[in-house]
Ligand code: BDR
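Take a look at this single chain, the form predicted on its own, given in structure tokens.
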């Protein structure tokens, strides 16, 4: 059954693959794409998203979102995070896991006039059927929308989020990047009362990695989307290999597309636990994911994935890339 989806991104290399998967797979009816500040400033994430949509020749509407966190930047005492996941090759050239701009031609596409938070309010207030929302960057756009009209949760069938971590971290010693960049928005979303929230944290994305062999599979498909995905993944593998080797050699975490793959086939997540989650808002644990594992606690608010089927994940992407021409 086709699912209507709004995709919220901070493009970004893995976001780019998520956009392609959502736009190409027949099980997904992509209603809109929204952008937010995250991996890059808003101008960059928006331009990068336009470039990917141009590659796909997609007419999906694009809504430009928030250019800063909800309140984080008004708190000067908070820990800063400037690390851009850089490596230096043998020739002294720097490589980033998220370049300023993706390796595609500059776009002439225009975004919609309505800002992304107002789009959420307008669309979800009027929707005749429920929609799934997938957020793979900071959660600012939806948090602002919820501040305007909390009743929009009634038309969200499921919220799927890439963010947070239990036994992992990447922004600080305790926090994942998306939640660290706007912890207040994350906390607001998790406390909003949305009927079903599914979280794909680093714990699962570091197990559903993409390898160099998978990149070769993409290349053999030989469509624009497949070739571009291969380039993105090869770059990520270079950075992961030097900075954060995973359990499989020559592999990378491809976080964001896993959320789309889950909507296409929920069995791609193999260990999902219904637990209570909060976000730390202070000190050395700012932005950290606080998960209550106690068996007897009765305030559960999120389904958290801890493991997944790596092969099935790659197969789903290959299916979609074959449909690009």
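Positions refer to the first chain, counted from 1. As the structure is a computational prediction, the values presented were derived from the model and not from experiment.
The same protein also has a form predicted in complex with the named molecule, omitted here; what follows describes it.
In the model of the complex, does residue 177 come within 4.5 Å of the named molecule, counting heavy atoms only?
Result yes; residue 177 sits at the interface with the named molecule in the model of the complex.
Can you tell me if residue 202 lies within 4.5 angstroms of the named molecule in the model of the complex, counting non-hydrogen atoms only?
Answer yes; at least one heavy atom of residue 202 falls within 4.5 Å of the named molecule in the model of the complex.
Under a 4.5 Å heavy atom criterion, is residue 189 part of the interface with the named molecule in the model of the complex?
Although the named molecule is absent here, residue 189 would stay clear of it in the model of the complex, with no heavy atoms inside 4.5 Å.
Test of understanding: in the model of the complex, would residue 229 fall inside 4.5 Å of the named molecule by heavy atoms?
Heavy-atom contact with the named molecule at 4.5 Å: absent for residue 229.
Which one, 159, 233, 162, 145, lies within 4.5 Å of the named molecule in the model of the complex by heavy atoms?
Among 159, 233, 162, 145, a heavy atom within 4.5 Å of the named molecule in the model of the complex occurs only for 162.
Using heavy atoms only and a 4.5 Å cut-off, determine which of 211, 155, 170, 107 is in contact with the named molecule in the model of the complex.
Here the answer is residue option 170.
Which among 312 to 320, 21 to 29, 7 to 15, 299 to 307 is in contact with the named molecule in the model of the complex, heavy atoms within 4.5 angstroms?
Selected range: 7 to 15.
Using a 4.5 Å cut-off on heavy atoms, what residues in 114 to 138 are near the named molecule in the model of the complex?
Result: 136 alone.
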